[in-house]
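Taking the form predicted on its own, here's one chain by itself in structure tokens.
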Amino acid sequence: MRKRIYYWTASEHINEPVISDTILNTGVKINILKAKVEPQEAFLILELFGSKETIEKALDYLSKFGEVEEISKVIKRDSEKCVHCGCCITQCPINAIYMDEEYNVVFKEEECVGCKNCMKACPFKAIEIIE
């Protein structure tokens, strides 16, 4: 099973090994897709792998040190507005958007983490986030 989450942790836990402790204490595998650490807080996009029970245990553990939010948003491209300019491609932190061999922009919706970077970058407003 795989689950993607947003994770925020407050300043008092920034210098603690929360992610590695989560792995060691729960047995879950964690892939850090994006991390932004500042003195006030840290924001991460995490991908958790394991059984349903292991992932739930990991989410409970992470919740002790910060805020967890499941990622349920995906991108949707309006094919009538999109001109395949590629502005969105460089903004995707996990390469869920790419250009194929025919220079068409392709969205892998199942890979999207809902960060909205592509939506902000699109000059034609051809991308929207759906819940």
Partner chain sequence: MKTIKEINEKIKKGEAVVVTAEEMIKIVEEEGAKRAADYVDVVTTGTFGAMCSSGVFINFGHSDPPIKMLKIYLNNVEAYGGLAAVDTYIGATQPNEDPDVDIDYGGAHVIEDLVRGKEVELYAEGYTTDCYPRKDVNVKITLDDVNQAIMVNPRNGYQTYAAATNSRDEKIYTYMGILLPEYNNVHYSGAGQLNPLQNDYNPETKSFNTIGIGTRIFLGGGIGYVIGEGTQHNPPFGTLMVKGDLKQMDPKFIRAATMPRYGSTLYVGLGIPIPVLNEKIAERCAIRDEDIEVPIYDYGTPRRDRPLIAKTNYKVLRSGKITLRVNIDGKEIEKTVKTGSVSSYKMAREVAETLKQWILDGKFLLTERVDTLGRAEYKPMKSPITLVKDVLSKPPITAQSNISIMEAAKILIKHNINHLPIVDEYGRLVGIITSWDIAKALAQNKKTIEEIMTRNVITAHEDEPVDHVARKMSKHNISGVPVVDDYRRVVGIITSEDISRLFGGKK
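None of these values were measured; they are calculated from a predicted model. Numbering follows the first chain given and starts at 1. We call the rigid core whatever largest set of C-alpha positions still superposes within 1.5 Å between the two forms.
Same protein, other form: the form predicted in complex with the partner chain, not shown, and the subject of what follows.
Among residues of the shown chain, S63 is not one whose heavy atoms approach the partner chain to within 4.5 Å in the model of the complex. At the 4.5 Å threshold, heavy atoms of F124 reach the partner chain in the model of the complex. Contact check for V83: a heavy atom falls within 4.5 Å of the partner chain in the model of the complex. Although the partner is absent here, C92 is a contact residue: one of its heavy atoms lies within 4.5 angstroms of the partner chain in the model of the complex.
Of the stretches 27 to 35, 54 to 62, 99 to 107, 41 to 49, only 99 to 107 has residues with a heavy atom within 4.5 Å of the partner chain in the model of the complex. In the core-superposed comparison between this form and the one not shown, the C-alpha atom of P17 has shifted by less than 2 angstroms. Comparing the forms between this form and the one not shown on their rigid core, the Cα displacement of F124 reaches 2 Å or more.
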